[in-house]
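Below you'll find only one chain, the form predicted alone, shown as structure tokens.
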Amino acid sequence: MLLQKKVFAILFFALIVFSGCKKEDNPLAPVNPTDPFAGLTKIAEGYAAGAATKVQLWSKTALFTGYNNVFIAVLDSAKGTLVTDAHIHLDPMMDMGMMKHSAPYENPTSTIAVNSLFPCQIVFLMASMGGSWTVDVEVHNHTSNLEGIATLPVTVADKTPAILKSTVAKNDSAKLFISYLRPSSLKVGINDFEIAIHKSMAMMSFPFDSTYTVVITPEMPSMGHGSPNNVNPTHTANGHYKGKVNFTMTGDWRINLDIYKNGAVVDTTMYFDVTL
């Protein structure tokens, strides 16, 4: 009996230790603290001449329509060393020939780099086949106190299934873009569910909007049932709404969204498809 108790204690301790070491699915977490570029692919680079720096755009995947987590590397153009104290401002631009438009984006939250890189986000509204995308990166190098802009050409591909939807609001005719921030992996059971909502105010202005109420209803079209214990997403910050979605089995799932504002219906046709 004493031996059994000791074995149980050892197993219990091991379970606690290893469960505490589970890696979280954080798209902004450094893959390797000793190598800032580990697990990333360089998408584009160019020079911000006025700032005497080379600017690089990196990502964990190729760029796609929807919400992209990207990383900006700033290097001293003479020394080749990474600049880790700088003010970074993005300006994505789609040139369609007869017209141009920007896109929603989120600048780095700090002037101090995270693991030597500056994390930021861009919501590409369309694929490159409709025109050409560039990302202007304005750099204020705090070390040298120099400023400049690098223009980086990038290629954006369509994402299937779509993780970006648009709608014209029924209540006030506002043009909205809803991005599904799909986790890198999904599982049977409770999963994080996050969307970002941006409003089209002009061709160059896409501010986030925090004023909506969102109701989610998952269903499995091939089986004709939904799931319990879902948590409707609520606004957290900068137009991001976070909740929980429950997938009770593997297969095809559709996450239906009903969006309201001050009790009025905004849209009841929105959905995102996933397959486990």
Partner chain sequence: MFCLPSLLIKNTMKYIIICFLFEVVIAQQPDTAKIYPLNEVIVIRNSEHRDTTIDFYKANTSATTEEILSRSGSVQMIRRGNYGLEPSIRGFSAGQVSLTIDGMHIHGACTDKMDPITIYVEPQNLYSIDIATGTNGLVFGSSLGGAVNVQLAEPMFSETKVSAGSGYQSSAKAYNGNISVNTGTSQYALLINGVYRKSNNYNAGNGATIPFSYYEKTNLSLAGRYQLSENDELKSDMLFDDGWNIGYPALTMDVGYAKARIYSLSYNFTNNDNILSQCEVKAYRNDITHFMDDTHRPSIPMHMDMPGWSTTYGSYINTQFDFLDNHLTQLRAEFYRTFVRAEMTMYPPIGLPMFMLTLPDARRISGAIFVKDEWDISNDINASFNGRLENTNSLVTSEFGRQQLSVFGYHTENAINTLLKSGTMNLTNRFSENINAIFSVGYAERMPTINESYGFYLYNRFDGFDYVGNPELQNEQSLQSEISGRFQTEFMQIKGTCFFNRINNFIIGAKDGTLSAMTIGAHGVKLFNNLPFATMRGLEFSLILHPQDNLEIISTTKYVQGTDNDSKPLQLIPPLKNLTSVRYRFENITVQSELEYASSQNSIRTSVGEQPTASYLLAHIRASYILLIENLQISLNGGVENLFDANYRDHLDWGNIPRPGRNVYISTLLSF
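Numbering follows the first chain given and starts at 1. As the structure is a computational prediction, the values presented were derived from the model and not from experiment.
Heads up, the form predicted together with the partner chain isn't pictured, but that's what we're talking about next.
Thr250 is the sole member of Thr211, Thr41, Thr250, Asn238 with a non-hydrogen atom within 4.5 Å of the partner chain in the predicted bound form. Only one of Pro153, Gly189, Pro161, Gly80 lies close to the partner chain in the predicted bound form, with a heavy atom inside 4.5 Å, and it is Gly189.
From the list 66-74, 53-61, 203-211, 224-232, the contact stretch for the partner chain in the predicted bound form under a 4.5 Å heavy atom rule is 224-232.
At a distance threshold of 4.5 angstroms between non-hydrogen atoms, Val215 is out of contact with the partner chain in the predicted bound form. Interface residue remark: Thr269 is not counted as part of the site for the partner chain in the predicted bound form, having no heavy atom within 4.5 Å. Annotation: in the predicted bound form, residues Ala103, Ser128 and Thr134 none come within 4.5 Å of the partner chain through any heavy atom.
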